[in-house]
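In the structure tokens that follow, a single protein chain appears in two forms: structure 1, then structure 2.
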Structure 1
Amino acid sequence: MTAPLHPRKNPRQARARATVTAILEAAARILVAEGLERLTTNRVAEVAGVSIGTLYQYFPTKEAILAEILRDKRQQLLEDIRAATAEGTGEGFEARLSRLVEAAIAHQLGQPTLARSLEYLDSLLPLEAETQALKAAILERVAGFLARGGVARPDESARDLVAALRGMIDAAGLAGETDRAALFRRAMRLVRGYLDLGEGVSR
């Protein structure tokens, strides 16, 4: 008889599923184009083409919308990282490292504003446990991969490398760089240098 503690309804009909998608996409579009502080629930609803009432039937708070976008992005990154570092593919450490860096670039170069907003968002609020867990899982996966490659202090190294790469890719994206191959080469130099791997294959 208690009122639903979790105000979020989950959509059963196709129409409602489309509504939820529209809301998430609208929020992401606003984030890309204008950033966090210009994102209001009324505006998200307007851009999504639904009423605010509808929005609040599927998302209990404004933060829930943002958390879900971040969750989706991280989930996708985690899967890409899993694929890049998967065992039993016959690839060596360095080949996997390359795919890791490629995944990072693919994940972030496209929408630096979005990535930046989400990252900032994460730093200022205790988000969903699941979202935080994803972040930890990403670092853990990278650390495990580094450990298998014989890298000392894998946790620390994973944190350093992920943060440095993110900074560099983000800056390149904001500066309008679109040449992924060139960026990849520089990113690899950065990573290989940090890991003391010596000169790379590609130059």
Structure 2
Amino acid sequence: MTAPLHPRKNPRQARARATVTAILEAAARILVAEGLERLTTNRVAEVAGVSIGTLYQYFPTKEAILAEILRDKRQQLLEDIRAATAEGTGEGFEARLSRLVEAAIAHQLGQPTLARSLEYLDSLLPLEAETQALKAAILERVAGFLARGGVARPDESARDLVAALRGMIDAAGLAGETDRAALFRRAMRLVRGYLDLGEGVSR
């Protein structure tokens, strides 16, 4: 795709921000309920309750809307990972490890249909540089967390764990799993076994 992938302008006033949020939420609802083939700028404007002219003030193409949804979800994942692994929370290493796994599961299974649609869009939209930057940021954060927890070879361990968790969680999503607690228990067995943390945790 060669269509513009960035908003025309950033909303500064509260009303403008609310309009952009409505447009993005409408597009996400269409993706989930109707599929990508039904998503057009006219349909998004209709569902968002705005005029097509207003939509075009902020987004030049439907691809720009989709790319922005993907960016927002990625940013939320990164923020959740940062919160889970933050220092000074009073939680120990294993408690924060559990929160890290929960964040990864929530990103995939919180809105599973939308998550699958966004993964498909990731393969269509030319966002490779942004994708690589996100992966690097996640690995850096997880490696730093593991290093502070005394894990040997934290960079290598971060790569292994992120890849293993993504594979497990993505497979669960594709299989239609909805039991996040059961997936959490399986994921924690994987993580604890890899890190040699002993007995599994209950939830």
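Between two forms, the rigid core is defined as the largest C-alpha subset superposing within 1.5 Å. Since the model is a prediction, treat every value here as computed from it, not as a measurement. Counting starts at 1 and follows the sequence of structure 1.
- Between structures 1 and 2, only structure 2 derives from the form predicted on its own.
- A movement of the C-alpha atom of Y120 reaching 2 angstroms or beyond is seen between the two structures when the two forms are aligned on their rigid core.
- The rigid-core alignment places the CA of T131 2 Å or more apart between the two structures.
- Relative to the superposed rigid core, R189 undergoes a CA displacement smaller than 2 Å between the two structures.
- The rigid core superposition between the two structures gives a CA shift for G110 of 4.5 Å.
- Once the two forms are overlaid on the core, Q57 shows a Cα shift of 9.1 Å between the two structures.
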